[in-house]
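First, one chain by itself: the form predicted alone, in structure tokens.
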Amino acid sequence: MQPTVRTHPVLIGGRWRPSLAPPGDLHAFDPARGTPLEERYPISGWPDLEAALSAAQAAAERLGQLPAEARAEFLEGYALRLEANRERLVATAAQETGLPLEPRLNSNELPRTVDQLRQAARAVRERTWTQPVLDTARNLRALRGPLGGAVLVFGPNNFPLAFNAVSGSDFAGAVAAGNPVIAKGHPLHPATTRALAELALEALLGSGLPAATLQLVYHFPPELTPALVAHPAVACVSFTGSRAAGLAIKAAADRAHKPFYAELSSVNPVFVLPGALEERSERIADEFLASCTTGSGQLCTNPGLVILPSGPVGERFAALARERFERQAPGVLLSAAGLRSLEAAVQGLIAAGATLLTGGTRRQPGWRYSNTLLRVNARAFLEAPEAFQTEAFGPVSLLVFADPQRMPEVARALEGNLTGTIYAHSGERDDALHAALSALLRPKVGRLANDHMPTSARVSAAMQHGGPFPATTHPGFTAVGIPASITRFTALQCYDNWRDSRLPPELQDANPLGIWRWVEGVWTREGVNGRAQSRSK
């Protein structure tokens, strides 16, 4: 007789409880071996979602009545718990994703997750994200505040900690702004998500925030998405994942007139100019290999398109890159579905006219794909630019060979991307071409990098991890970088002719919080009419 396998509970209404009439269940896999893991997790039906929506609406109303300090205390308490449970968290994430413990999960991703939670806590205390504006002549005042409903967060597969729906940047931004989160976990790492949510609930119960500030369902049938998104308790939706899935959810959000922020796809073009190659081609080839194969290429900032000068200098670089790609063992992909999608993308590039230089095959054990390079000339690329900008989510890059005079034509044909990169000579040799390309790339990418590969989205107030469509659905916002990432989950709120004592403290004459405000056209921390703030500068 087979032992009974326990199906894990969902987190709804501030407690872990069994799923209500689940239509099915799921389990994760060990990608390094391609074998299933035993633990089962429910696929939630509408009864779970309805209960979560009701609890989220009550939590949103309660959050609006609590001091912001409680949100900061929760975020900091959560960060402390992540650090205290580091070993267990990274081991679980490594098993479910095949990502290496070191340096990826333990030394990079978990510290980044902790740091962005703490940055969000500081932003809550500093109130920079509220952007207070005072027009005392007309007695009008405005600031950014919470949305008054839940943020529905769809977590991605490739960052089990730093972008997880229960711990990542979308989660941190939504909570910092004063909104509850309904998290839709990713089915590739449910145990990691459950472990994170358990720690989050502990921190919530110790902070004074409503326990339903975070709720978690692991999965639900896609046909329930329109009703979920359209429910009055949902104020906003955020998504990181494939373009096809994201656009389907966006259509539901558009029909319901709900804000929708998504990161969808990006090939992140890298232009390597002649002078740069003549000066340091070996070093650039090393950087290219590291960038394209980090995380087995499963990064949204992977350099999927590299534009090289045609002729001997470009051919030499291609040979250097090919030798490096062949020498390095392939990494583990996240899922069998991802492997199939990657194979289809490579075959699509070949069908469009690209030539395979190396790779293009499955490898064993588990889910692996050989490090892959393809090539095409600028003429063919310009005849079918859309086909050659297909995102291949893995250790794959397409080399486009172009006469330097035609590189601007390639730049004009590019879609919107998260990043763009230009490698140029350290002196003045490439200056004219660099200037032409940067002018063309600037409106097409969120982050324009110079002389380094694009695979880094550091958590900084100056970071833009966004860009024009199809990279994201709105070029004016970022998914990384606080306080800017918080503003996605806010509403601009105006107070007209209010008595000073009834205003939020951010807008009161005396500026009791001592924060920066836009008063009569000037940024200042002084109070109105000479009234000094209570907190020192």
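Sequential numbering from 1, following the sequence displayed. All values derive from a computational prediction rather than experimental measurement.
The following text describes the form predicted in complex with a further copy of the same chain, which does not appear among the structures shown.
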{"item": "Candidate stretches 453-461, 196-204, 220-228, 321-329, one within 4.5 Å of a further copy of the same chain in the predicted complex by heavy atom", "value": "453-461"}
{"item": "261, 438 and 490 all contacting a further copy of the same chain in the predicted complex, non-hydrogen atom within 4.5 Å", "value": "yes"}
{"item": "Partner contact for residue 426 in the predicted complex: a further copy of the same chain, 4.5 angstroms, heavy atom", "value": "yes"}
{"item": "Contact flag, residue 35 vs a further copy of the same chain in the predicted complex, heavy atom cut 4.5 Å", "value": "no"}
{"item": "Residue 247 within 4.5 Å of a further copy of the same chain in the predicted complex, heavy atoms", "value": "yes"}
{"item": "Contact label in the predicted complex: residue 140 to a further copy of the same chain, heavy atom within 4.5 Å", "value": "yes"}
{"item": "In the predicted complex, the residue from 283, 86, 316, 362 that sits within 4.5 Å of a further copy of the same chain by heavy atoms", "value": "283"}
{"item": "One residue of 47, 505, 67, 476 in contact with a further copy of the same chain, assessed in the predicted complex (non-hydrogen atom, 4.5 angstroms)", "value": "476"}
{"item": "Residues within 4.5 Å of a further copy of the same chain in the predicted complex, restricted to 434-454 and counted by heavy atom", "value": "434, 438, 439, 442, 443, 446, 447, 448, 449, 450, 451, 452"}
